[in-house]
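Take a look at this single chain in structure tokens; it is the form predicted alone.
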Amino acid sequence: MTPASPPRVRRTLLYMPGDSRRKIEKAAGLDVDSVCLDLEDGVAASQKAAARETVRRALAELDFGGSEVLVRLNPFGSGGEADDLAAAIAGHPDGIVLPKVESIDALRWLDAQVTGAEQGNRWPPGAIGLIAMVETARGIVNLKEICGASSRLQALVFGAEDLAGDIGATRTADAWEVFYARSAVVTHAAAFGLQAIDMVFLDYTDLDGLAREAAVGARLGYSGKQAIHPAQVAPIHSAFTPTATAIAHARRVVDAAQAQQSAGFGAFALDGRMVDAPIVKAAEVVLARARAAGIDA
């Protein structure tokens, strides 16, 4: 089951704690692709009910401009997910983020609940998207089933910190301990036509480290990265937006390939290097990402 193309670019997915109206208001004024109002990790257990009401009111009252607005629930089976979803749905967000997805059951439950809400409110069917966070060993080994669980599914989010804790790994700056899972998430996302959102960089004061890690994620094929502080938005946007040089080269490759095809040739040389179908496809991806980011390519 392959869903329709994702509705928008998601270079940065910025979390804001659901119990802080002040921080949510700040996020509404930022130039960020996706704002995620968090009812899970960013909210203390004693503040869950208050956070639901804050999120419900924020969705109804604030203008987030061109940003996609998401709500992250507590995990399926936690006991809080149904109340979280009720508060989120009341504000009609663009999408729902479900953490710690380990099986198709979680997404099928969420899909059914969202479908029922759309039907009951006479909203356009399929308008509310789903995003699955994969951050446990069980989730990684069940990626194929998770990716095919719902036609609403638009993206996978990789949770490195929870995964490391689940498998007993020690987190390091080079992230080799989570490399297999990080690669598995982006590979499965590509196979099912989904976006892949890379892991959080926890030290929000180290913008140089963030930029390096974001650049690695972009090279791996991720389309964006999670953020936990507004200061992280600009470095992440930069890493996942093609540069003018990359766009110009990609355009030359695609134009040359079209000319060669018209002349009846397949592989050809450009600037002393062989260009064949995989190189052309990579160039087309660069141009597509540039256009999605609003750049004339």
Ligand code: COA
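In case it trips you up, residue 1 is the first one in the sequence shown, and so on. These numbers were taken from a predicted model, which means no experiment stands behind them.
Below, we refer to the form predicted together with coenzyme A, which is not included among the displayed structures.
Within 4.5 Å of any heavy atom of coenzyme A in the model of the complex lies no heavy atom of Arg289. At the 4.5 Å threshold, heavy atoms of Phe179 stay clear of coenzyme A in the model of the complex, well away from it.
In the model of the complex, coenzyme A sits within 4.5 Å of a heavy atom of Tyr204.
Using a 4.5 angstroms limit between non-hydrogen atoms, Ala250 is distant from coenzyme A in the model of the complex. The chain is drawn here without coenzyme A; in the model of the complex, the stretch among 224 to 232, 265 to 273, 46 to 54, 251 to 259 whose residues come within 4.5 Å of it by any heavy atom is 224 to 232.
Exactly one listed residue, out of Ala27, Leu70, Ala58, Ala239, brings a non-hydrogen atom to within 4.5 Å of coenzyme A in the model of the complex: Ala27. Along 8 to 37, these residues reach a heavy atom to within 4.5 Å of coenzyme A in the model of the complex: Leu14, Tyr15, Met16, Pro17, Arg22, Lys23, Lys26, Ala27.
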